[in-house]
Structures are given as C-alpha cells and as structure tokens.
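So this first bit is one chain, no partners, the form predicted alone, shown in structure tokens.
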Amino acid sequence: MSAGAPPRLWPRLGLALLVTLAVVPFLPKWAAFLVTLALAKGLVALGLLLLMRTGLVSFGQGLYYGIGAYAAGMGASALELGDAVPLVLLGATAAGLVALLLGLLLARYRTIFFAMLSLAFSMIFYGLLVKTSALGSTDGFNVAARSTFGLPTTSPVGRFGVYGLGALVVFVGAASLDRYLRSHLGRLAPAIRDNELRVEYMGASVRNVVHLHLVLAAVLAGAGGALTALAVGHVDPETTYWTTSGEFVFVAILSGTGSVAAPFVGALLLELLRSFAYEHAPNTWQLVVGASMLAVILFLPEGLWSVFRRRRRAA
C-alpha cells in the first residue's frame, strides 16, 4: 500500500456486519429502530465524507435523501414492490439519476457557491412536495413493505429484516467507498481539494471527478433515505428540509473524515444522545445536544475518529 492511502477495512467491516446481524434480532424494538436510523443517516454522511475530502460541503444532501425516501414509498404503493431490497435499490438509483443531471451544473462551482446552490435545489424540491397533494402535501404518506428478503414482516426474522438489510447496505457502501478511495480517482480527491490547477496539469478532469463524486454521494444518500422510509413507515417533505441537510453536515463534521467507519459512529452517538436527552430533559434537550457537540468541536476539531487515530499512534 502506498503512503497516505486509506487503511484496508474489509476485515473490520465484515466483522461489524456479522456482529450486527447476530445482535439485532435480540435487541428491543426501539433499539433496533434507533440503530437502523443511525445506519441510514450514516450512509448520507458517508457521501459527505467523500465530498469533504474533495473540498466540497453540500448543504443539500436532504434532496437526495428525500428522493430516496419518496422513491421507496412510491415504489411500494404505486409499483406494488413488496420487498424491501428493490425499494432500496430504487431509492438509490433515483437519487443517483437526479445527481447525474444536477451535477452538470453543480460541478462547475466551489466553496460557498456550491454549498448554497445545493441547498437551493433541496429547498425547491421541498416546495414542490409541500404543494403536491398527490404525494400527501405536508403530511406525506405511509410506506409499507410486505417482506424483506422474501420473508413476511409478520415473522420474527422478517420483522427485523429491514435492520439486517440496513447493516448489509452499510457494509456494501462503506467497503465500496473504502476501495474507491484507494483507487486512482479516489486519491485525486485530496489533490483536488488542495490544488485543482495542478490536477488539471496532470491530465485529469477536475469537473468530471467532482461530478462523479456528486453522483456517488447522492446514491448513498438515496439508499439512506429509502432505509429510513422503510424503518419509519412514513415519508414527508421534512426529509428534504434544510435542517435535515444541516444535520447530515453536522454528523460528518462530528465524525471526521479519517475513515469510512467514522460517519456511522458519529450518527449512532448523535441518535443515542438525542434520544436520551429528549427522554430526561424534554424541555432543554436541544441545549444538551448543542453543548455536547460544541465540546466535541472544541476538543476534537478533527472529529471523533481522531480519538481512535491517536490511540493507534500511541500504540
């Protein structure tokens, strides 16, 4: 492995998948639900990790997250796709196709212009959803997948199948991105962030690489949105609102960009902190969460994953 290349995480990711699949059926329903939401949101933050390594911060990932959720919901109702697996694939594909189109414009911009333009597209989609009565307007609509991996949701295995599916999707997404980051195109990400002009002199097209990264991040966000829709059983325009996109950026900053596993650790900790803060301090839970995140930013400016990196260096 060349110097500076991301470490290979296949064994650890595979072990984490096996542990998750073994433990989830024995978890309380609320805990399995919480883990699923963390995995889904971690997928969106994983796409942001790729963009941040390229020097881009998107405040509009809620657009692709919402597209994935609505595509899964419409696939279950209009197309009568009863199994969760094709619904997740549908959500990821729909988000990727939209990013492929919007990327023709977004790939031209950088810094604050890219961030605000991505946010603008997300809010335009939010406005369309709110005004579309066929999609439930502000109330949204319910999503019901009848089976997972061919097993009815009424069976014990099928009931927790969406959680196992979430773990499997996370493994495929994280392992694929880890492999991509060690490829030629993946190693161009920090080079583009540091000096675009030099990358162009090397013969690579910065715009094409940025466009590709936008699509990959959107596919991950769409898969996360579809998983959320299946776990919650409902979709509404809030999935595309700016606060949702801001939460994803917050998870990415909180986690750090040191590893493809970092976004899932950050998403899980955020979900646990928010749930317990809301339970024990329902009137001031936002203050608790905000203070905790401020402490992380102050004392761990490189994100939570820097703790693991420091321990590895010390060892």
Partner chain sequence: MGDLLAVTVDGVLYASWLFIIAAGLTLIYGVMRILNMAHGSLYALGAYAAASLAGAWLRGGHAPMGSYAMLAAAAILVGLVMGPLIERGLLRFCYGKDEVVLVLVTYALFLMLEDAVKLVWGVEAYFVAEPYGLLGSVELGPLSYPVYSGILVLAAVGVGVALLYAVTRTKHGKLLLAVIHDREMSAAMGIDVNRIYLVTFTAGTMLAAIGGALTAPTVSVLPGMGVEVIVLAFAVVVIGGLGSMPGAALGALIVGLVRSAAVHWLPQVELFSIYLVMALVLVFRPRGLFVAAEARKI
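Residue numbers count along the first chain shown, from 1. Remember, it's a predicted structure, so these values are computed and weren't measured experimentally.
Although it is not shown, the form predicted in complex with its partner chain is what the next lines describe.
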Using a 4.5 Å heavy atom cut-off, which of 214-222, 128-136, 93-101, 71-79 contacts its partner chain in the predicted bound form? 128-136
In the predicted bound form, is there a heavy atom of its partner chain that lies within 4.5 Å of any heavy atom of V162, even though the partner is absent here? no
Given that its partner chain is not shown alongside this chain, does A38 nevertheless sit within 4.5 Å of it in the predicted bound form, heavy atom to heavy atom? no
Verify the contact flag for R108: yes if a non-hydrogen atom of it lies within 4.5 Å of a non-hydrogen atom of its partner chain in the predicted bound form, no if not. yes
Any chance I253 has a heavy atom within 4.5 Å of its partner chain in the predicted bound form? yes
Are F59, V289 and I297 jointly within 4.5 Å of its partner chain in the predicted bound form, each by at least one heavy atom? yes
With its partner chain taken in the predicted bound form, which residues across 225-257 come within 4.5 angstroms through any non-hydrogen atom? Y241, W242, V249, F250, I253
